[in-house]
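Take a look at this single chain, the form predicted alone, given in structure tokens.
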């Protein structure tokens, strides 16, 4: 049985793992990045063309961190020499009886981000594609936009390799059977060997709960279904003419989101959340019932898309913690093991910043950022 030893082991090469590797290598730290699948795979939570980014959070704790997240992405873009963020503007809306938009506006005011409170009528006037009742409550944030998702992950891994040279090692196609925490050092048990780490960052996404069975809180892997529509009026669905959107409904499964066509893939629309799944056996097909659910939402709020053909579908996974909060930080009583993935379906926009936080914890045992509410 082969044994590897490494100062920093990052388990999982998705958004969080790639960001951790990038920030560690940037600080001159040696690392081993391990993934059960090939790099850039589509089995987890980080593939696909784009993700929404925005300051517009109803929870002020997350809103206060978003300026730091935007700054982290700008630093990455400077290091990479390429643009990974596309500013499109974004709208958040809800029925008038909900306080969601009011809370989003309060968060934006608190962090001094320009925005505009609107009615449904004003929304339709600004973007003719939108529908919905006149009394719909809306807030517009001009700085919201899209992050180039799969590209950002690949860029950070590439930068980790170029910054670290031979000190950055990658082990792909290497499933971990279990994590042994009984010894002095955290140890990954593979089929044909083991990896002994001084410090272990677990960024295993939907497989986290299976590998760390004593977290002290439940984690659910859920199936997220994404549709890409090809409208007749394609021009109006392009970035710059169509803002990203978040629609908050009265019930748990009444939340929807979408964004402009990116890299020619069509207008992306999905319902936030989905059924629990086994991450090793996920149905990759999107059924007619779900398609009809999304079309009903579009008929009310984005009529030009309601009858548009669906070009393609996509499946990804959420790793959902209680109340859809993040759970990121060292294991209690085990500071050499840091958990980095349960971000409940809204973590990608924070991923570059989370990589910075993970590198802080790994190298200094603490971070200056106000993320205590993320910890385990």
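Positions refer to the first chain, counted from 1. These figures come from a predicted structure and were not determined experimentally.
Keep in mind that the form predicted together with a small molecule is not shown, yet the notes after this line are about it.
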property	result
Answer option from 86, 211, 196, 286, heavy atom within 4.5 Å of the small molecule in the predicted complex	211
Option touching the small molecule, based on a heavy atom within 4.5 Å in the predicted complex, out of 317, 58, 32, 308	317
Full three-residue contact with the small molecule in the predicted complex, heavy atom 4.5 Å, for 92, 127 and 243	no
Partner-facing stretch of 198 to 206, 131 to 139, 297 to 305, 157 to 165, counted where any non-hydrogen atom is within 4.5 angstroms of the small molecule in the predicted complex	198 to 206
Contact test in the predicted complex: residue 345 vs the small molecule, heavy atoms, 4.5 Å	yes
The small molecule contact in the predicted complex: residue 224, any heavy atom under 4.5 Å	yes
Heavy atom of residue 325 within 4.5 Å of the small molecule in the predicted complex	no
In the predicted complex, residue 331 touching the small molecule (heavy atom, 4.5 Å)	no
